[in-house]
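One chain is shown next in structure tokens, namely the form predicted on its own.
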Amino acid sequence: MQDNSASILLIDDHPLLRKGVKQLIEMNPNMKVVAEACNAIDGVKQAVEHEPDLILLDLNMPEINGIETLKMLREEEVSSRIIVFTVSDNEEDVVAALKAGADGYLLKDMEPEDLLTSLEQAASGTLVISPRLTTLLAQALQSNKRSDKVDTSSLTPREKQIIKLIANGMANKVIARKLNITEGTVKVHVKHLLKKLRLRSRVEVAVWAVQEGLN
């Protein structure tokens, strides 16, 4: 029987927190923890090995922090949806995480039920952000709105299609199925898109698409 539950990798240097989150996730039959790591190096190794649907990543880790870990994961072309899970509600941390390629930003003080709901939403392709951070993020993105215009005529019809799907929060795997192409092809398109648009993450693509009315 095919297992359709969302696979999750936990990267956090606190064993107690990992244990608690794992027990919580195991209460939901639609999700399972497939691996754990206590530091960035091991986390990247586990991500490449297991290719989980979701990675729950701590921000404040010793030696290599969450933002650097996030960059390392994206450099390794890990296509998992990466959710930063932290105590920090600092605007700079939120924006830095999303710019580095995070697919969500959740606070550790959230209710357990809310965390499970957010993880399910993230697994289905939705961008998840703790409610009290959404206003702060909107303001930050508005103040960072680009003044230079990108020539959208340089985008191919396929690229425009993919932008719309990214703006709708879809993961590479889902986009590949929808367009009947391989996940590798989607990755190549996304890489070209980021270069053309001079953007650094899928979240920035989604925000840009909304601003340009392409969503």
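Keep in mind that this is a model prediction, so the values were computed, not measured. Residue numbers run from 1 along the displayed sequence. For the two forms, the rigid core is made up of the largest set of C-alpha atoms that agree within 1.5 Å on superposition.
Keep in mind the form predicted in complex with the DNA is missing from the figure; the text below concerns it.
Subject >> Non-hydrogen atom contact Ala37 with the DNA in the predicted bound form at 4.5 angstroms >> reply: Although the DNA is absent here, Ala37 would stay clear of it in the predicted bound form, with no heavy atoms inside 4.5 Å.
Subject >> Exercise: Lys191 in contact with the DNA in the predicted bound form, heavy atom 4.5 Å >> reply: It does: once the DNA is placed as it appears in the predicted bound form, Lys191 has a heavy atom within 4.5 Å of it.
Original post:
Any chance Glu26 has a heavy atom within 4.5 Å of the DNA in the predicted bound form?
Top reply: Contact check for Glu26: no, nothing within 4.5 Å of the DNA in the predicted bound form.
Original post:
According to a 4.5 angstroms non-hydrogen atom cut-off, is Asp42 in contact with the DNA in the predicted bound form?
Top reply: Outside the cut-off, so no.
Original post:
Based on heavy atom distances of at most 4.5 Å to the DNA in the predicted bound form, which listed stretch, 27-35, 61-69, 44-52, 175-183, is the contact stretch?
Top reply: Single hit among the candidates: 175-183.
Original post:
Any CA movement of 2 Å or more for Val186 between this form and the one not shown, core superposed?
Top reply: After core superposition, the displacement of the Val186 C-alpha between this form and the one not shown reaches the 2 Å mark, so yes.
Original post:
When the two forms are laid on each other by their rigid core, does Ala206 show a Cα shift of 2 Å or more between this form and the one not shown?
Top reply: Yes: Ala206 shifts by at least 2 Å between this form and the one not shown.
Original post:
With both forms fit on the core, is the shift of the CA atom of Leu70 between this form and the one not shown 2 Å or larger?
Top reply: No, the C-alpha moves less than 2 Å.
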